[in-house]
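Take a look at this single chain in structure tokens; it is the form predicted on its own.
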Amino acid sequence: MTTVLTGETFESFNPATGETVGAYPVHTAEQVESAVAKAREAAAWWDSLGFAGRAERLATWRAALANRMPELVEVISEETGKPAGDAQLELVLAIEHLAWAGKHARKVLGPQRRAPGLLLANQAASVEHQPLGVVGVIGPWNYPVYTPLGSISYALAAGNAVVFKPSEFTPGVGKWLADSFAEAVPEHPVLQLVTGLGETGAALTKAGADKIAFTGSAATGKKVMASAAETLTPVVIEAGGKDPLLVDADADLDAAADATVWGAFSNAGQTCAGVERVYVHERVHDEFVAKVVAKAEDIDAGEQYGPMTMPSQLDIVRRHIEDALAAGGKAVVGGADAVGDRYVKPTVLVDVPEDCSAVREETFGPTVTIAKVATMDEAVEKANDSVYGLGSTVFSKSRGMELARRLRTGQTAINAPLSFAGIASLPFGGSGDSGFGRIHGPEGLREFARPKAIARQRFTAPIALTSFARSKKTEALVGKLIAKLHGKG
């Protein structure tokens, strides 16, 4: 069931049942602009609290998320259809990131001394990071807490106010987050919610925010960039992926098979950094495929993962499976009849040509292709032959780090599935059609701040370089000094 407009409101539905779970306002461009204006006033107060004051209030919000976890888990499950355990997992990870951002913001963004160099030794040099002001966050529906909080938490910790536009498929989750924050920080509207369809998100890109953080498809990300470019508003884009998993000849095949099944089918495959392609060394290929098949056949759609949250995705999944089979691929689990009205059963495809849509395009469903390779060099080459560059996984006992470094992705997990997503100190982001910029970790904090360089003169320099009083003698002396210091390179 799609989200439907009803007058000046729209309804959200439980994709598992089709039942209406809520109605929310469609905010107009004028209302979005008003929210950004209020956020700018709130940002000044939020910045004035300093790192300690913000950390205290973010800790209060974090406690509310942790103590009221069952409430939010229920809302997530209602709007996405995912099992309560999966909803709790994304909330747990989001809380970990919120805790890290609040705790480390001062260390990462606070004043730091820099060496002034010999010529300006009379100066004290420092750099600090100041908040941008107002950050607009446009969130997705697949992980409606974990993913947007990857931007919201770090933007707030850096001293910004935030205007949050959740997906039209999960507005109730966004409202719960905004309301709980308002209870923790009642003084000013530091985190505001705007709801609606694509037009509301487009309005946010033009409403005067100082940065836009977007998560969604590459096609929509390009539209966000184009809109924001009209006002030179910077953006951070976290788009899709076609993430590979590599299995070396010496890999722990049971662990690799388990990671493949989890990475491909958890959340119904609706994970931007999920496993969609697997490249396996020919010496262990058949044994690995057998292990994946055995594990995949035990997965029950509707029990261990939920429905396709966005109904239109069913057609894409069906097309990719049919294209793979028409091109000579084989379904060793699932197949064309795996796609139902709401759920897609696990599908494992082998012998799929590399030019098929099932290999080239993001499927975003519970399917995975497995290909045999003669060497790991071939595996790396095929893994990197993609317009995407988000995440990747390597299973190898002896060459894990080597192979990980050669993969052209923003992050790689070795011998475990998606572990980088749960480590708050690590940055997350991609390249190519997976977007650019980083959330999480120190890089995520800096993404929502501007560096401010300060040079303070401690005493008058014996040699005046930046003055019209500079003499020819001074110029000659400086020339000799630089030649002596750097002329033997």
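One rule holds for the numbers: they count along the sequence shown, beginning at 1. Predicted model only: the values in this text are computed from it and were never measured.
As for the form predicted in complex with a small molecule, it is not shown, yet the points below apply to it.
Practice problem: Using the partner position in the predicted complex, report whether A202 sits within 4.5 Å of the small molecule, counting heavy atoms only. | Solution: So A202 counts as contacting the small molecule.
Quiz item: Wondering, does E238 line up within 4.5 Å of the small molecule in the predicted complex on heavy atoms?
Solution: E238: contacts the small molecule in the predicted complex.
Quiz item: Quick one: does G302 come within 4.5 Å of the small molecule in the predicted complex, counting heavy atoms only?
Solution: No, G302 is distant from the partner.
Quiz item: K82 near the small molecule in the predicted complex, any heavy atom under 4.5 Å?
Solution: It does not: once the small molecule is placed as it appears in the predicted complex, K82 has no heavy atom within 4.5 Å of it.
Quiz item: Among the candidate residues G136, P244, P366, P166, which is the single one with a non-hydrogen atom no more than 4.5 Å from the small molecule in the predicted complex?
Solution: Result of the distance check: P166.
Quiz item: Given that the small molecule is left out here, which of F395, Y154, F265, F214 has a heavy atom within 4.5 Å of it in the predicted complex?
Solution: Flagged contact: F214.
Exercise. Name the stretch, out of 104-112, 368-376, 189-197, 124-132, where some heavy atom lies within 4.5 Å of the small molecule in the predicted complex.
Key: Going by heavy atoms within 4.5 Å, the stretch is 189-197.
Exercise. Give a yes or no on whether every one of E90, V261 and T309 sits within 4.5 angstroms of the small molecule in the predicted complex by heavy atom.
Key: The answer is no; none of E90, V261 and T309 reaches the small molecule.
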